[in-house]
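Okay, so here's just one chain, in structure tokens, the form predicted on its own.
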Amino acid sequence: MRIALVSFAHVHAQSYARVLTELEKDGIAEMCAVYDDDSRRLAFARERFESKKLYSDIEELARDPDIDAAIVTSENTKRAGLAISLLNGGKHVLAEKPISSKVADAVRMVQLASENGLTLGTAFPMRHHDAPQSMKRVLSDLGGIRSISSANPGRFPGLWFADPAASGGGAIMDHTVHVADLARWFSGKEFSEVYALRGRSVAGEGSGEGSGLVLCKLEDDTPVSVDCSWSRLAGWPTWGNVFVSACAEKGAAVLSAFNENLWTVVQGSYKWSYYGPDADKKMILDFVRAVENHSQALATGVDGLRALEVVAAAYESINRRRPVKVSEIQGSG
């Protein structure tokens, strides 16, 4: 399968490029092209991937008959526009999360994929990680879920994440979607209501919030809390973690997804070197298989849309200073 990597803006693009290089060696897929609207990033791609096609015009890439699919790893606010161009060009799309910065644009992405018979996946690698998969199996044996408490703390990523015009928000936009998706996946329930609080920026005035607390209800009134923050200091030895604690009818389960680390001290710097499962590779393999089999990815465009609705409801709650029904967001988008 011939896949284009659309933008090196996002911090995860490097990992996805690494995966595609490995899949090319295995004869499964190849990164045949790179798009970027930033000349410096495109120059980087030219130097590192000299044998690949390079594009600075997304419409030209979308018309290329030698490209089957694309992974879109741009800035959040550009993601939907790029994905819509690709879907209109008949390309299958795996979109970084959040799938878009606006609900209406995500709805359009889902509609286009359906109308054109294309696979639209959302890059939720936690669904492909061994620990959440094990927790889902455990919870299925423990009866109905009664509550979920979660946290997705991390370091401030810098770059364009400090600019709401590019990121669409702050830590709430960046970190809520992972654990909101896990709550839906574990419970099989949709979110119904959201109340949120935001913390101060960690990057100066005019940038997005550095922390947030999102308190939710599922459709059966199960409470869900999400601590989504850039609370790790710059020198923290790892980027962050994903914690989920779920109480069910017959017991409870606690997930800490990235505990598989080798602790080292190198030149006075304390580091955690992760050695656990390669969820990014499993996710991209799943996308490739979905395209080949004309089936759904494990995390679909609809899953990305539903997680984004929680984020949008959180920001609306902050603006209105009251709980917001997810149906209010759906109705406006």
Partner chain sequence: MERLAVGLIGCGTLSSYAHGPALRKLERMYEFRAIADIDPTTLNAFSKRFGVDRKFTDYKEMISSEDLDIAIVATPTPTHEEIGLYVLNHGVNLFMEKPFALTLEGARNMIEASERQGRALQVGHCVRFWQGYVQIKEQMSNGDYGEPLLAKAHRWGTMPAPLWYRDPAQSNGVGLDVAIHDLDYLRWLIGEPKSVYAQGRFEGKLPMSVQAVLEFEGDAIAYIDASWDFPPSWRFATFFEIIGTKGMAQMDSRESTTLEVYTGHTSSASSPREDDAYTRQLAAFWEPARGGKPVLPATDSIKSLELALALNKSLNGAGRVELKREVVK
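Positions refer to the first chain, counted from 1. Just so it is clear, the model here is predicted, and its values are computed rather than measured.
If you look for the form predicted together with its partner chain, you will not find it shown, but the lines that follow are about it.
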In the predicted bound form, the one of Thr238, Ser149, Thr77, Asn261 near its partner chain [non-hydrogen atom within 4.5 angstroms]: Ser149
One residue of Val202, Val242, Leu139, Ala123 in contact with its partner chain, assessed in the predicted bound form (non-hydrogen atom, 4.5 angstroms): Val202
Taking the shortest heavy atom distance, is Gln133 within 4.5 Å of its partner chain in the predicted bound form? no
Wondering, does Val224 line up within 4.5 Å of its partner chain in the predicted bound form on heavy atoms? yes
Should Asp163 be counted as a contact of its partner chain in the predicted bound form, where contact means heavy atoms within 4.5 Å? no
Using a 4.5 Å heavy atom cut-off, state whether Gly251 contacts its partner chain in the predicted bound form. yes
Contact stretch among 307 to 315, 8 to 16, 21 to 29, 321 to 329 - heavy atom within 4.5 Å of its partner chain in the predicted bound form: 321 to 329
